[in-house]
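Given as structure tokens, the chain that follows is alone and in the form predicted alone.
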Amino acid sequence: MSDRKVRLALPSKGALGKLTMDLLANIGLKVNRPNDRQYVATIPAVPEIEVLFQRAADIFVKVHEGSADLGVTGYDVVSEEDPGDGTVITAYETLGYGKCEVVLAVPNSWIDVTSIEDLAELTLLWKAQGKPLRIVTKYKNLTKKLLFDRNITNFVLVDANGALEAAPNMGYADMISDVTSTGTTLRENNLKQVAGGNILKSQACLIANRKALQSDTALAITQQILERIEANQEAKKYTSITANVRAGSMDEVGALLTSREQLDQLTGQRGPTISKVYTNGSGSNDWYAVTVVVQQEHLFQAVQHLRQVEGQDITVSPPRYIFGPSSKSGETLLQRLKS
């Protein structure tokens, strides 16, 4: 491991692939892939990383077998494929994109079936007729677990690839267990979700091979990636506001901004940052620049507050990162490695 690069498997195409590339670019780890036909790429900012492009559905297997050290894929894939042997660690569970849900869905024509309890009754009725419920799915393990947890046993799982939504209409399955993001595809194929049949909420996640992280290099790179992601996600909650305020001194500006307790959320995480403005030419020298970082939902209240203290030239910009005193995700990773 010490003589080779850290292998990071990324989705090769589709929305998950594009959004993963966008994420890495946003955290300063832009991938250099000269053309879409190349399945190996680099990250110039961290030359110790070798990027391998794979199908999202195959990335868990690659990390599990050790041909990749790290990988980005859907949490639905991880939950379905993980044998529970501890070989693969989920290093970051919520990357914030690729959101979807694995659900049970039946034909709209089944007007008496709206809930998992109705489905259980139907399977008992069909069992008396010697007929199992046929469910087409790519999520056999997850589907089986949900049904067994609901004491539903009279079913068979049907293998298929491609668009599963067509299966009931084509007649090779009675219902489906599949992923949906908006429900539009289900509705357009005359299917409806079963209440209580929500199997798993999923989004893109970062996974790692436990053995690979025994390497100091791989562990350090993984922690760096985690900390960049964490700080970038934290920054999305905040906005930075700067204004010029005229007053007799910095202390006077500080007092104007923080005079009331209810202004806490409008004057920055720790309080305003205040600095002297050196004006051009013969301009007045009693101007101070005030910067506050507030949560997005408090933006306009904070701007209004700055106006109330005669703030001018107000500008707003998004912080790119907000780093805490330590990386929570990095600490969580270390705990998982010890377990």
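Note that residue numbering follows the sequence shown and begins at 1. Please read all numbers here as calculations on a predicted model, not as lab measurements.
The protein also exists as the form predicted together with a small molecule; that form is not presented, and the subsequent description refers to it.
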Exercise for the section: Answer with one of 57, 293, 29, 277: the residue that has a non-hydrogen atom within 4.5 Å of the small molecule in the predicted complex. Expected result: 57
Handout entry: Contact residue in the predicted complex, from 120, 100, 142, 157 (heavy atom within 4.5 Å of the small molecule)
Key = 100
Practice task
Name the stretch: of 225-233, 147-155, 75-83, 244-252, exactly one has residues whose heavy atoms fall within 4.5 Å of the small molecule in the predicted complex.
Solution key: 75-83
Problem - Partner proximity in the predicted complex: residue 129 to the small molecule, non-hydrogen atom cutoff 4.5 Å - result: no
Practice task
Mark residue 179 yes when one of its heavy atoms lies within 4.5 Å of a heavy atom of the small molecule in the predicted complex, and no otherwise.
Solution key: yes
Handout entry: 4.5 Å heavy atom contact, residue 328 to the small molecule in the predicted complex
Key = no
Exercise for the section: Determine whether any heavy atom of residue 16 comes within 4.5 Å of a heavy atom of the small molecule in the predicted complex, and answer yes or no. Expected result: yes
Exercise for the section: For the three residues 138, 161 and 202, verify that every one has a non-hydrogen atom within 4.5 Å of the small molecule in the predicted complex; reply yes or no. Expected result: yes
